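Shown below, as structure tokens, is a lone chain in the form predicted alone; questions about how it binds or moves come after it.
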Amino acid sequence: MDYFRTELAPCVWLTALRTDKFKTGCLSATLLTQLDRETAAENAAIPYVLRRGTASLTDMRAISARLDGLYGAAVEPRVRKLGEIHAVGFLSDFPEDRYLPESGELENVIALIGELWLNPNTRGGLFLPEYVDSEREKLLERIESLRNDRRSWAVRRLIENMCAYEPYAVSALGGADEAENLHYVRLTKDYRATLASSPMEFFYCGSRSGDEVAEMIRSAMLLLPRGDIDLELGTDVRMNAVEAEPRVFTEEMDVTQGVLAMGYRLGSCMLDPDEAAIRVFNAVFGGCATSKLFTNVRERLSLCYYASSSADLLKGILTVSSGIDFDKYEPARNEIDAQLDAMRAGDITEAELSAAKKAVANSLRQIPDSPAALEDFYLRQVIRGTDASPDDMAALAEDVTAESVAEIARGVEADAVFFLKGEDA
């Protein structure tokens, strides 16, 4: 894949990957804002409200008809939390021109995305109240539905408590209280201010050259307002735990199986993060089927139904999620910490390291099989300030040593524990 990156306008960037591998192209247009409790719900609602209608395509039916006319292209809102950066925008996929009876598909999709961003359906310069009211209710439903997945809910509650005084505690969707207060006048003002002050990232993956795509986007986004751009976007990476001993939080819910979630700060490795080494460290600990958590806590000791870990390389936080019987809380928690202690002591077998490196490298090399996965990978790389490809990262992962993994483990600090238990437990 040919990599191309250029600045289209002040703080408006395009990352393009030229390839003939796919039958469909991929394009995203994402605003980057600082994650904040007060504005998260508003920002999360913006792309959904914009997707309701434009000045010329006044409702979703008209937009759907337009997309049908573009041979079934799709343009959908996308809202993500990347560290403490809130990424909101649109992701589109569409047939490549070489499979169509006529060319121009990409240019038409870019024009539509430009219209969604810059020419919403308004009345008196304000969003339509009925559109905002409808999307407010849908946003509240999405926030409420987060409870339905007990496993992810426990991790979410862990983060909310562990990082209570950090923006990272805020969900990508914002909070229910803030969502309930969405109002069309305020949302319109927030949209206009955010559009003018936020960096914007475009990503393209397809058969057209980067220069061609850049010219199309410049034309479609010609009227994009640019004011005082927020250049201080970033994530506050905290190296140490808040207290000497991990803070413990519990919550009762109507569940028959407990969920133990444990949170750690990755520590000193975040001073100069080695992404490949952190990925391998996580895989050895709990990030793959040959990990210490899986083979020891689950298989050998039968202390849990599942156990896995995940590392956020942007925030420097490691989380463990484990499904347990209510009476296994203490032994499961102690054993999870014991496995991390073993890694600190250098107890990492060649088989464990080799399997972890293979799992990480294979996972990275599968990213180029999906345009959407490539889009997410490269946006994260932009935020980190690197341009390493998935293949580059896979090669680095294969060179990680056991001592590098142990050194990362020695810097990790336990910060918080969250236990979701049954009401009668």
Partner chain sequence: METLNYPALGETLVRHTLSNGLRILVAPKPGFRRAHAIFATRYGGADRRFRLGDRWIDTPAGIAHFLEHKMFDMPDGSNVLAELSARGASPNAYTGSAVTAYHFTCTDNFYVNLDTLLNYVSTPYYTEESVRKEQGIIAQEIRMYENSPGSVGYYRLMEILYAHHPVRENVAGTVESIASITPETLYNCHKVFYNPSNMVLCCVGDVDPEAVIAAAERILPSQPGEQPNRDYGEPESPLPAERRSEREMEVAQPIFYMGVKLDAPKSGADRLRFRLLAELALDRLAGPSSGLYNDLYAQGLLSRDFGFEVDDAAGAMTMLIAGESRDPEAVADALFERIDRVSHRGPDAAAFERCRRARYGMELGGLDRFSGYAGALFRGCMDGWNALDVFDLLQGFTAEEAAEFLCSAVTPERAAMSVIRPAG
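Numbering follows the first chain given and starts at 1. If you superpose the two forms and keep the largest set of C-alpha atoms that fall within 1.5 Å, you have the rigid core. Everything numeric here is computed off the predicted structure, so don't read it as measured data.
Beyond the structure shown, there is the form predicted together with the partner chain, which is absent from this document and is the topic of what follows.
Within 4.5 Å of some heavy atom of the partner chain in the model of the complex lies at least one heavy atom of A359.
For the chain shown alone, F377 is not a contact residue for the partner chain in the model of the complex, no non-hydrogen atom being within 4.5 angstroms. None of the heavy atoms of Y191 is located within 4.5 Å of the partner chain in the model of the complex. Proximity of W13 to the partner chain in the model of the complex falls outside the 4.5 Å heavy atom cutoff. For the candidate spot formed by K138, C304 and P368, every residue has a non-hydrogen atom within 4.5 angstroms of the partner chain in the model of the complex.
With the partner left out here, the partner chain still marks one of 157 to 165, 198 to 206, 138 to 146, 260 to 268 in the model of the complex; by a 4.5 Å heavy atom cut-off that stretch is 138 to 146.
P77 is the sole member of P120, P246, P77, P273 with a non-hydrogen atom lying within 4.5 angstroms of the partner chain in the model of the complex. Heavy atoms closer than or equal to 4.5 Å to the partner chain in the model of the complex belong, across 59 to 92, to the residues M60, R61, S64, A65, D68, G69, Y71, G72, E76, P77, ordered by sequence position. When two forms of a protein are overlaid on their rigid core, residues whose CA moves 2 Å or more are considered shifted, and L303 is one of them between the shown form and the other one.
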